[in-house]
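First, one chain by itself in structure tokens, the form predicted alone.
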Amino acid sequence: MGTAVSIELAADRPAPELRALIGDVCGWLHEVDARFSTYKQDSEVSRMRRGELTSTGCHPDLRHVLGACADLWRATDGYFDAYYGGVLDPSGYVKGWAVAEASQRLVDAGCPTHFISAGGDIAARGDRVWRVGVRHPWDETKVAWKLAVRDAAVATSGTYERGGHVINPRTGKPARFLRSVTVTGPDLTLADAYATAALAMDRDGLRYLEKLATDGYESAAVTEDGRAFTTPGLPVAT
């Protein structure tokens, strides 16, 4: 997946069992990378890009992702677009979905309290409070916010690491108004997609984030000129 992953299990179980659980999560993430990578020429996404694979012949997980991306395209008025420019790139959905699926595997294996972090996408599960630092968008050694979440997701999208990689489909140019967007809520796949869509919306992203609060998704954003915005219900640690 091209990013560092950290896993914390809060379970009173023998070390070999914990190692096996972590091994299963890592195996799943490697499987996702092999199937969805836009860099590996033998991935299903790359093969679909070249017209060597159709949606009927691909793995059910890829069909699920394609369907979910289509739903999000409609829900975000086209701002979340896995086919921008006519080229398939579901990366904006896949990472959050992969972490959410990994988290569910741990729950199913009897480990409901855990923390998984992968490149700004966090699943903080279980009946305990997890403290999450949101990276400062100009200084990686500092945090912009400290959050306290319980059985929730935190997703951050920004331009501070990869530059203008998110395109505003209305202008056809890289989105630059927001430097960092963080969304918290019950579903990591949606939180991640909402953060990416808000980033793509440029200035309109702030109004979009405000509306998400009615669905249980709180947010924090920093503009390129250094202004900070949060929704009233953001779970800031005290």
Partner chain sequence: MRRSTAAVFGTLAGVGMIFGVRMAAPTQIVPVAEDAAAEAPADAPAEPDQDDAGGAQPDDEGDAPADGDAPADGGGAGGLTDGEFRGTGSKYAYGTIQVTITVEDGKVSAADATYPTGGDSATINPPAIEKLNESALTAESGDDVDAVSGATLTTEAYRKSLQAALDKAAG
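Just so we're clear, the structure is a prediction, and the values are computed from it rather than from any experiment. Numbering follows the first chain given and starts at 1.
The protein also exists as the form predicted in complex with the partner chain; that form is not presented, and the subsequent description refers to it.
Although the partner chain is omitted here, in the predicted complex none of 42, 110 and 176 has a heavy atom within 4.5 Å of it. By the criterion of a heavy atom within 4.5 Å, residue 156 is counted among the residues contacting the partner chain in the predicted complex. Mapping the unseen interface onto this chain, residue 184 falls outside it, with no heavy atom inside 4.5 Å of the partner chain in the predicted complex. Heavy atoms of residue 142 reach within 4.5 Å of the partner chain in the predicted complex, making it an interface residue. Looking at residue 146, you'd find a heavy atom of it within 4.5 angstroms of the partner chain in the predicted complex. Counting a residue when any of its non-hydrogen atoms is within 4.5 Å of the partner chain in the predicted complex, the hits in 5-28 run 5, 6, 7, 8, 9, 10, 11, 12, 13, 14, 15, 18, 22, 26.
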